[in-house]
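For reference, the chain that follows is the form predicted on its own, supplied as structure tokens.
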Amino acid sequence: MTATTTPEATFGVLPRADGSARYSHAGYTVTGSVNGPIEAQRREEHAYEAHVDVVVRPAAGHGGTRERHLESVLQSSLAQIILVKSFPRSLIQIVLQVENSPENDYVNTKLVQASLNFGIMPALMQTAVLALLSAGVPMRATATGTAVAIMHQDGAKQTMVDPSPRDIEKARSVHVLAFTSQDELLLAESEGDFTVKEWDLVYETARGICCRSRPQAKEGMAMLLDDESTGGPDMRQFLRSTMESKVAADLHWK
């Protein structure tokens, strides 16, 4: 399939859920649904806060170790931005269904089933945040994420934003970082060999994509050149413009 160069999002794709969204970027398409706050079962009940349950379903087959790991990472991150203490003894369920993913001719999926899929983590995080916003779940902040790989080519080091599965296999190290709308680091997962200097470079690259502040709106070629200067799309502006379009559509009298 052809990877989308710019993020795309659609709200309300699942009418029976409290909130839902479909997100596409870098060859990944994920549909997410949110239900809650709802009554929690006794084994999932917390006396002073809501329990956040994240379910990741692969594009084909049943979920395995890799999906359980993704669920754990996402659950701990999303619980930090959701106002869980406002809903004691309740449950907020987030289901993320992977619909499409880029193909990789070099990877045998059976052999890497237990590894963490770094490429899809930003798409899962963004879909979950969009679905939470669609459901109207109170949050202290929104979040945006991106993946960055350190590549060594011809003796030179370079960073690659939103690497493909094939690039991830060739990369020296791969990193996934997420930041809140208050410029706080929310998630940092890394794999491979890297130095402190390389980590600082990855951090600044990811922060430039997730926390970029745009003083004035740009259109057409100006927006394209601005995205290329930092090596990736402006995720904060994407999230803001997507929500502005949704609110405008909801408030439009037909």
Partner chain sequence: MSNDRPLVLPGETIDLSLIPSHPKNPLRLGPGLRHIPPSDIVPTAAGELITNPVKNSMWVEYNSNRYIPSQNDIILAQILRSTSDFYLCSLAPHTPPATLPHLAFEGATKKTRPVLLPGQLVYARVSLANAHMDPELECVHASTGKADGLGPITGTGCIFDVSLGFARRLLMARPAQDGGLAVLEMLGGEEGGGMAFETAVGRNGRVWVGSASARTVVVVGRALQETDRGRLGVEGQRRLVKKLVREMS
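Please read these numbers as outputs of a predicted model, since none were measured by experiment. Numbering follows the first chain given and starts at 1.
If you look for the form predicted in complex with the partner chain, you will not find it shown, but the lines that follow are about it.
By the 4.5 Å heavy atom rule, the three marked residues Met121, Glu204 and Pro233 all fail to count as contacting the partner chain in the predicted complex.
In short, of 87-95, 160-168, 70-78, 147-155 it is 87-95 that has heavy atoms within 4.5 Å of the partner chain in the predicted complex. Although the partner is absent here, Asp250 sits close enough that one of its heavy atoms falls within 4.5 Å of the partner chain in the predicted complex.
The closest non-hydrogen atom of Gly36 lies within 4.5 Å of the partner chain in the predicted complex. Taking the partner from elsewhere, Ser181 is found to have a heavy atom lying within 4.5 Å of the partner chain in the predicted complex.
With a 4.5 Å cutoff on heavy atoms, Ala128 does not count as touching the partner chain in the predicted complex; it lies far away. In sequence order, Leu133, Ser134, Ala135, Gly136, Val137, Pro138, Met139, Arg140 are the residues of 124-140 having a heavy atom within 4.5 Å of the partner chain in the predicted complex; the partner itself is omitted from this view.
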